[in-house]
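Just one chain follows, in the form predicted alone, and it is written as structure tokens.
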């Protein structure tokens, strides 16, 4: 059954079981303090604060693929801002803040402003790093902020700030454990809802696309740096709010809880709970906090001496979890539940997709108009010349095939045409605009879409959402609309377009399937559907027929023929000569990076240079 055929109420229920878990959590939070002891309530408060910080790491690391050990520093900014506004006299505060002395809300706002400012600067520097340099960078600034807290005399150095009054909000004093419990866990639930809303949106898909590789995401029109900053700043905000709650819960602030060790502990929580699962933040925080309390009491009795033995146990536990349960405790539970439930659509609630109007399309250029032109394109890698003075053009409504032996420079050429790479010399003109050197997302806006030689999909996302990623540039709702769930109309349109493109390429019945579960040939077709969702006028296909069976190749050829008839220009790299010669209008042959022939398929098949260099002399 097509996902669009599911009744609205069924789609609403099946869409996100995590949302029903949020509904279930609300009465639990309201009633749990009535059955817990004071000690247990305090422990639960600590778990909630830790869960809020860890939730940011789930978004940043588990979803966005960016490892950070510096989140504890943002907790410190929130905590010290709360402590300063709660304990400093008006005369001790800077001009403009003295009027708000003693206000916890002012402490929260101040912490958020400072956190966003600091995180914006650190993110602009750190998030441009890659590989192991990124986590090392977060360690560096995490240590710097930790030592800054301890060296500012006004903050009491390493002694800290004490005497923070009980939290009072809107005339209500929250000085009992159960009241703070409901506040803390109410904030956690709101943060979970906001995170779920964000992930279930166009900006959320952009963040999730980061794990599929920046080249793929940028080619889909995603501003990857902006997506990274979104995840980074959201995680920092969660940490800052957790720091504010910590200050008013402990009523004492010192640098130790915001050290690098604390940052590592938060990462432990994310890994143990399930760094890719939203509720993994809560499970991981509860596991680590309670286990630490239990081990700190048990191990000294067992070993006969006092020490930080629980850290040794945590280290061993992380090794075991990463080996046996790489997806964490929550991930293992979700996998077990999914294995016993039928796969269903993840179409969003809030709209009947079958009734959604199609997204507006840009008109195709007039048939025969030159769409793309390469002029003397040369690409050198040191002494290696991958492309040597290549010149050709492709017109609207034309299929140009690029063929050549392995290592001839075809994929290098594709990367330059799509602005993933830039030529050493020469020009590339797309729709009368020189594009060489531009970011690939810029040319995606103008109607250039591509697939990849090695399939680049998000394997744990459904086929429907993978295709919706291709329509990223056709939406405009931002982060705030996503978090507040005000983007439902646009989201319905984007997913409806994804469904149409899946049906168009013959994969409509697989809309709800995880992309990684599809066969290789289906994944290649899925990439074409994703490219078509961007509404292109030029399609670059890198070996689209590889891995397809005979009937699938026939269906692909029929699809490309229809696209050509609509006026779309297509450039394809392919090794299947029968497929190429029956489909292409013109063929360009390259060998050792040089253009050796160009012409009609019949001309290429009889060209002596081609027969010698590529076809092995077969007539």
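Owing to the predicted nature of the structure, the values given are computational and were not obtained by experimental measurement. Residue numbers count along the first chain shown, from 1.
The following text describes the form predicted together with adenosine-5'-diphosphate (ADP), which does not appear among the structures shown.
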### Message
Taking adenosine-5'-diphosphate (ADP) as it sits in the model of the complex, is residue 409 near enough to touch it, meaning that at least one heavy atom pair lies within 4.5 angstroms?
### Response
yes
### Query
Using heavy atoms and a 4.5 Å limit, would one call residue 386 a contact residue for adenosine-5'-diphosphate (ADP) in the model of the complex?
yes
### Query
Is residue 381 one of the residues lying within 4.5 Å of adenosine-5'-diphosphate (ADP) in the model of the complex, judged by heavy atom distances?
yes
### Task
Decide whether residue 405 counts as a contact residue for adenosine-5'-diphosphate (ADP) in the model of the complex under a heavy atom distance cut-off of 4.5 Å.
yes
#### Entry: Option touching adenosine-5'-diphosphate (ADP), based on a heavy atom within 4.5 Å in the model of the complex, out of 261, 391, 168, 453
453
### Task
Work out which of the listed stretches, 459-467, 124-132, 410-418, 227-235, brings a heavy atom within 4.5 angstroms of adenosine-5'-diphosphate (ADP) in the model of the complex.
410-418
